[in-house]
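Consider the single chain below, provided in structure tokens and representing the form predicted on its own.
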Amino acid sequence: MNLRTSLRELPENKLFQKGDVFVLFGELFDRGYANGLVEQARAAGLEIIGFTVGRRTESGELRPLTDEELATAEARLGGRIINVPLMAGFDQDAPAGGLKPQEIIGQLTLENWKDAKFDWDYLAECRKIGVDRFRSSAKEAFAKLADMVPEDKNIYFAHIMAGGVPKTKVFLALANRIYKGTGPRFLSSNDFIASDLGKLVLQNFEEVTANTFDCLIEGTAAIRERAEKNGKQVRYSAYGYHGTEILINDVYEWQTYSNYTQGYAKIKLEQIAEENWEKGIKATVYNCPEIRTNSSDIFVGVELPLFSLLLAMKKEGGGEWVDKAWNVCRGLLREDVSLEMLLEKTQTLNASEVFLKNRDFAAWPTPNAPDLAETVIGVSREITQLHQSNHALITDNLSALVVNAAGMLIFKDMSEPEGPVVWLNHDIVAKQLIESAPKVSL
């Protein structure tokens, strides 16, 4: 994919109305992109139905939510939850008596992981067991969903599943070196991906982040066809990341965070949307700007492009609300630090040679590099220290605004999406924030 379809004009919801159904495929937790979308569905009066990934027992077996957990999850969602465990991935699946992939990874050390060789026939068996388990549970959950969805309503399916990180000490230590390491602690993402461990992790990412979208679209075919026979419409959205256009020296330029290892799964996610779009199914992946979330905090420096959003707000119209947003950000910095100084620092970084060589869209996801890691991680940590508190950062504030704007944009655009893959860049995010200022909490 060398061409990008970017949302340039504010969309308008011409489809979904009170009483229609919003289905969240995945479990809603705090501090993530899905929260903004759910808020829009709730505000529009849609009936909300969700799912759960379930929980694990002490022995590692998947179980449904308890009554108390279910009540908490439904209160957070603002709707009903189908209590069938939908934990994707295969890192904890294995034939009876066999080692789980997570246990195999757990046997590795920082000294031998790079040269470790896996039994790929055995791992393929584990993968099949995990996929079959997930799809069987999804089939059960979709059957329950069919009984809950009226036949005469439009339906919006929102896919939010992502991740697949095996929770083992060795992988977490390696991830810290890939995403946070500098100097002797730097680890090449290319070296990781070339290893058997890296290949296994990428497979698990693909199952969780991408193939679950295919499962959702395929598994809800009967619900979709029933709605369409009744003159109603069905939509599917998913969250992607494939770089973002931000304002650099007063020009919107595409840039990316490196190394975004999950990017390979996001490409597969886009391909699934494209394949279904060709079949006449309105499935769209929205590539959203970088923000700070519970899952993205491991990527030190991923938050740096957010500062350019302040400049985009000025470029796209400015006004009293934008002035207020700037002042809120000023108030988070130390007294001896100006917001203008910080913006100049990030603009210099964005235009630097080390960043320019990383902007190869056709080569995405690009690998990390020692000089890039030194620069990005160094600036990220330096900027954090310019705040009054490490627990109240400008990027937290801007992340919340982006989540809010992206939720509005996606919800409205799904009324009539432009294509299977759409970019939400800083220009359209800024326009949405300026338009919706009365509804945005600073």
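For every residue, the number given is its place in the sequence shown, counted from 1. Note that the structure is a prediction, hence the values are computed from the model and not measured.
Another form, the form predicted together with a small molecule, is not on view; read the next lines as being about it.
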Can you say which of 228 to 236, 103 to 111, 283 to 291, 350 to 358 gets within 4.5 Å of the small molecule in the model of the complex, counting heavy atoms only? 283 to 291
L197, A88, L187, V300 - the one with a heavy atom within 4.5 Å of the small molecule in the model of the complex: A88
Heavy atom within 4.5 Å of the small molecule in the model of the complex: which of F213, F157, F142, Y260 fits that? Just give me the one. Y260
Among V38, G50 and R80, does every residue place a heavy atom within 4.5 Å of the small molecule in the model of the complex? no
Is there a heavy atom of G163 no more than 4.5 Å from a heavy atom of the small molecule in the model of the complex? yes
Exercise: G240 in contact with the small molecule in the model of the complex, heavy atom 4.5 Å: yes
State yes or no: in the model of the complex, is some non-hydrogen atom of D413 no more than 4.5 angstroms from a non-hydrogen atom of the small molecule? no
Exercise: K266 in contact with the small molecule in the model of the complex, heavy atom 4.5 Å: yes
